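The chain below stands alone and is given as structure tokens, in the form predicted on its own.
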Amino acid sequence: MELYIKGIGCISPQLTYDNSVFLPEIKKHSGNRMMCIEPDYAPYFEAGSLRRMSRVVKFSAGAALIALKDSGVTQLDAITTGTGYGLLENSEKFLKSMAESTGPVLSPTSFIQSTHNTVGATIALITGCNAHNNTFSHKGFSFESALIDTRLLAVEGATNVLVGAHDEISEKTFALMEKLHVFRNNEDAEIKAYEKGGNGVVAGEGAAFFILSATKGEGDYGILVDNAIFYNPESTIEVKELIEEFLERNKVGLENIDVVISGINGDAKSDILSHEINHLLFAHQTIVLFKHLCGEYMTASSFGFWLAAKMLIAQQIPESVILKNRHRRPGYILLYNVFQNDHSVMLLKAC
């Protein structure tokens, strides 16, 4: 079932929270992690509530409220979110308090605010939405699972659904993963560095939310046609066949795809398959990247979805994301993302 994108909100390591502009400049992050550039939250939250919120709750709920305002929707039929790690900082605080506690009673506050569905619950409290509220934590499939849930809700009659994803970088978890040599230094967000590849990825974070609806309206960003997930395909040929079957199911020829958004993350070893797919399938398509702007994390594909929505309504592609330019206007966009063994595709088109 096709769904119309009515509103978007994204808080990321780039200047994305202002929907009136489209990547006006690229923020360069030094080091091996890319942290969110956050807006002034005063217009969105009361001062008392803001002080009690952790950083990830602020930028996630903030992104959701930006999307809601952008859409003009006043009543939600459902909220569905995806997250890989959930609220890491609060989880670490709770574990630390357990380790250091000497008394019989432990304050439950950090635990209550560390569960994966905290963001969805916070958004529901702010918006007064008492309907369906679901959170998926399926590693690299978290955002994709939320999209599937949204499509199923639309089939059952839901009109306006808030769907999104969020993940954060926390100091302790980052330090542990850094010791495993998972990360590498960022090279000023240059796309050519991601094409060349290296060892490791640049850690990222962010939140992106969208209002999806079964009904068409004025000013829609674009249309989500379909999405699918593939776990641990055995070879490039299998991925090629799965993508071809996905397009055939949606009655879209490969030649109709104008833009491919590729989840290349800069790690030479993990990017081999993505480069091979681009060579085998997408020789005539414009190929763009996005992880050089937001870093790598389990729900980074939600940033790619935001990029697709912006390209569809603007009918232009920022030079900063183009890996290979075939000078095709974004009519049909295919987002192909890879996170470890989790592969996913999303098909979007202009209204």
Partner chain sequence: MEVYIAGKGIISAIGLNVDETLQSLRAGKSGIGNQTNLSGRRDNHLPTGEIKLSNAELATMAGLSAEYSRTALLSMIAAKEAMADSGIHINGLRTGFISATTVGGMDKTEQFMTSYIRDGEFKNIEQVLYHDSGAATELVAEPLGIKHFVSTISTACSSSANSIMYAARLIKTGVLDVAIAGGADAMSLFTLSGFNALMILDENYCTPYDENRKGLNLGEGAGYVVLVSEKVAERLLKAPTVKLTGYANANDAFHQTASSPEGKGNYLAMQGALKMSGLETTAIDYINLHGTGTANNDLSEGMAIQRIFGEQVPKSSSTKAFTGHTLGACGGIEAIFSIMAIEQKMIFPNLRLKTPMKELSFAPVTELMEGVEVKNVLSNSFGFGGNCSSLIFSKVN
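Bear in mind that the values here come from a model prediction, so they are computed numbers and not experimental data. Residue numbers count along the first chain shown, from 1.
The following text describes the form predicted in complex with the partner chain, which does not appear among the structures shown.
Just one listed stretch, out of 193-201, 214-222, 139-147, 268-276, contacts the partner chain in the predicted bound form at the 4.5 Å heavy atom level, and that stretch is 139-147. Screening 159, 185, 250, 115 for any heavy atom within 4.5 Å of the partner chain in the predicted bound form leaves a single hit, 115. None of 280, 254, 106, 237 but one reaches within 4.5 angstroms of the partner chain in the predicted bound form through a heavy atom, and that residue is 106. The shortest heavy atom separation between residue 135 and the partner chain in the predicted bound form is within 4.5 Å. Shown alone here, residue 243 lies farther than 4.5 Å from the partner chain in the predicted bound form, counting heavy atoms only. Contact between residue 84 and the partner chain in the predicted bound form is found at the 4.5 Å heavy atom cutoff. Put simply, residue 130 is close to the partner chain in the predicted bound form: some heavy atom of it is within 4.5 Å. No member of the trio 26, 75 and 327 reaches the partner chain in the predicted bound form with any non-hydrogen atom inside 4.5 Å. Residues are counted as partner-facing when one of their heavy atoms sits within 4.5 Å of the partner chain in the predicted bound form; in 319-339 not one qualifies.
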